[in-house]
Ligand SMILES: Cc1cc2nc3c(=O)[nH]c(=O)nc-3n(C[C@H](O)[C@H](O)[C@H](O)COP(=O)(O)OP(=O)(O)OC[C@H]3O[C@@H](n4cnc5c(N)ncnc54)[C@H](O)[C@@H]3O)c2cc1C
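The chain below stands alone and is given as structure tokens, in the form predicted alone.
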């Protein structure tokens, strides 16, 4: 019997898992995908917003501001990357300047630190490629950028270190109430008993809620956003996150510097029926291209290394929905945690446990809870002498597998065998960045595949790119007779 089952291992579910692992509970995270952080957390702008946009006094505003601050703690405790880029919201004429003034007042009402309005002449000193049509900007110095997959990995690894259980490829198919507990059916066959359930299922959160509640107070209406990725050799083309003025469709097409040097351009915003539809389109990408020029001059689209799309769990509920079920005690739902969901994630976890569940009244804190997770340093960051010493001790550090990102055999093998390791091509790309560079795996994907086969003792025919049904090969074509 579990005290809690958390459904979903995106940024919200993993932050909740880590926070819950502080207490003396028996708990497990169930994830329907073949990896952590594989849906909303996988594909977004990676921005820790300042809190300038949400309506004052809303839960979004409160948790965005708090979450932004908590990321500084996570950086120290979990060794996650943070790029303190700051951000500019831009205006191009008097009408837009009036809207920018309203946004400035909104930011002040939300108590966003250090906000200010700058002229184009002031802003261009630190952002020389700003579009020359810009007349004024709102500066948001507390805006940051992170690496969402790694934040989720770090939270889940730390939670597991402190006793949290994790099961992937675990699709919840039924939730059945009993007298004082619940039976959760996984993959239509496995059953799990639990006293309470935390629904952090992202785009599927309304579907999970409908398994147990007759009336669901929110409905997910997913939006797809498409992006370009510019090669990290373009690092410095923009230094701040550049926003247009927000609209009903969201924050608009952005230019976002990333922690590893790339620049994201996008997204657009299109409502879709399929919650897992992540194809890109000529129409969508052309829209992104057409709108990026309003932010910067001569955006280097000739340096695109890939495009991708992500899904956002837009909700019919106006604010973050973080509530206990009205029909079943011990069932807690998250609904519509789209932007600024990533920004607010650490605060969302604390808010749920402290203000909704009142966890401190139910379970004591663990005296031996360890909040620290240290990431292994990346080999390419060492000095030449340090590299030589490491290679002497571990010769496989001397075998570069991914030339673009300088990722070694030792780093990939370590990622395969880690407590939250992976045996898929995409899973190792997320953990090590092998395949994330200019050639996008054209050189190293085969080498990574061979390492997986060697380390796990399986045939290359069974190795998946990502999901369990995404095998790379159908059959051998060159077989000795």
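Numbering follows the first chain given and starts at 1. Small disclaimer: the values here were computed from a predicted structure and weren't measured.
From this point on, the text means the form predicted in complex with this ligand, which you will not see here.
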*Give a yes or no for residue 338: in the predicted bound form, does one of its heavy atoms lie within 4.5 Å of a heavy atom belonging to this ligand?*
yes
*With the partner left out of view, is residue 257 within 4.5 angstroms of this ligand in the predicted bound form by any non-hydrogen atom?*
no
*Check whether residue 424 has any heavy atom within 4.5 Å of a heavy atom of this ligand in the predicted bound form, and answer yes or no.*
no
*Is residue 445 a contact residue for this ligand in the predicted bound form, using a 4.5 Å heavy atom cut-off?*
no
_Just to confirm the contact call: exactly one of 295-303, 373-381, 279-287, 341-349 touches this ligand in the predicted bound form at a 4.5 Å heavy atom cutoff, so which is it?_
341-349
_7, 41 and 311 all contacting this ligand in the predicted bound form, non-hydrogen atom within 4.5 Å_ = yes
*asked:* Just to be sure I understand the contacts: of 451, 61, 415, 30, which is the one whose heavy atoms reach within 4.5 angstroms of this ligand in the predicted bound form?
replied: 30
_Interface residue in the predicted bound form among 126, 191, 316, 171, criterion: non-hydrogen atom within 4.5 angstroms of this ligand_ = 171
*In sequence order, which positions of 184-212 have a non-hydrogen atom within 4.5 Å of this ligand in the predicted bound form?*
200, 201, 202, 204, 208
